[in-house]
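Starting off, we have a lone chain in the form predicted on its own, written out as structure tokens.
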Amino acid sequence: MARPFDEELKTIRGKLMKMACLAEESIVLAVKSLKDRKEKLAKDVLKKEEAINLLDIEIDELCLKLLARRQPMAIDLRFITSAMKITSELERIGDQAVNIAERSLELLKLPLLKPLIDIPRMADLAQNMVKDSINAFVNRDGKLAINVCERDDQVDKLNDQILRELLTYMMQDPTTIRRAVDLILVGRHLERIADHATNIGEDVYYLAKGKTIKHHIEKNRK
């Protein structure tokens, strides 16, 4: 038999998944606008920002009402508090996608510096981390949550590689500095997206296992 507020929990889960889809789409569109040099795609990302922000507010309000009215315990309490944290991370992921779209709009005004290879690879890694972190949340899959966290190192390494390459461009030719700096910022935004996905993974692990892995606390306790 379903409990009285199961439908309310289902509503929160549905809105969170919708928000995650919008955040993922924003990452894809922002990087595609940069790679394909299409202004419309970047502007589409800017339009999605409001929808993401509204869902952030809606989910927070639903969670707060549930906490006040139902006074949930154990796994239900962990679900609601985790949902609020994850929603905040998704909103920040949306902001990072907007930042990439804005860099893209600036770069469209200038000649292409170089073919983009590592940035799209980095974007794929970050987007998949976001997708898998949400799948882990929906399925309360602690193992997948840990896997997401472990992938953060791959994104960091690509970001370092992109930075080194672009610094070389700037040293060899000062006229490339503006474009190179914008691409460095894109790499930084993608790295931050991966960080937010990692934070979601950590929250999901707590939801699934009742243990925290933030700041390697569990490892340090051993």
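Just so it is clear, the structure is predicted and the values come from calculations on it, not from any experiment. For every residue, the number given is its place in the sequence shown, counted from 1.
Just so it is clear, the following notes concern the form predicted together with another copy of the chain, a form of the same protein that is not shown.
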Region of this chain that lies against another copy of the chain in the predicted complex, out of 149 to 157, 37 to 45, 166 to 174, 22 to 30 [heavy atom, 4.5 Å]:
166 to 174
Site test, L67, H189 and N199 vs another copy of the chain in the predicted complex, non-hydrogen atom cutoff 4.5 Å:
yes
Taking 4.5 Å between heavy atoms as the contact cutoff, choose which of L105, I119, L144, M84 touches another copy of the chain in the predicted complex.
M84
Partner contact for Q96 in the predicted complex: another copy of the chain, 4.5 angstroms, heavy atom:
yes
Is K18 a contact residue for another copy of the chain in the predicted complex, using a 4.5 Å heavy atom cut-off?
no
is_contact(E91, another copy of the chain) in the predicted complex, heavy atom dist at most 4.5 Å:
yes
With a 4.5 Å heavy atom cut-off, would you call T11 a contact of another copy of the chain in the predicted complex?
no
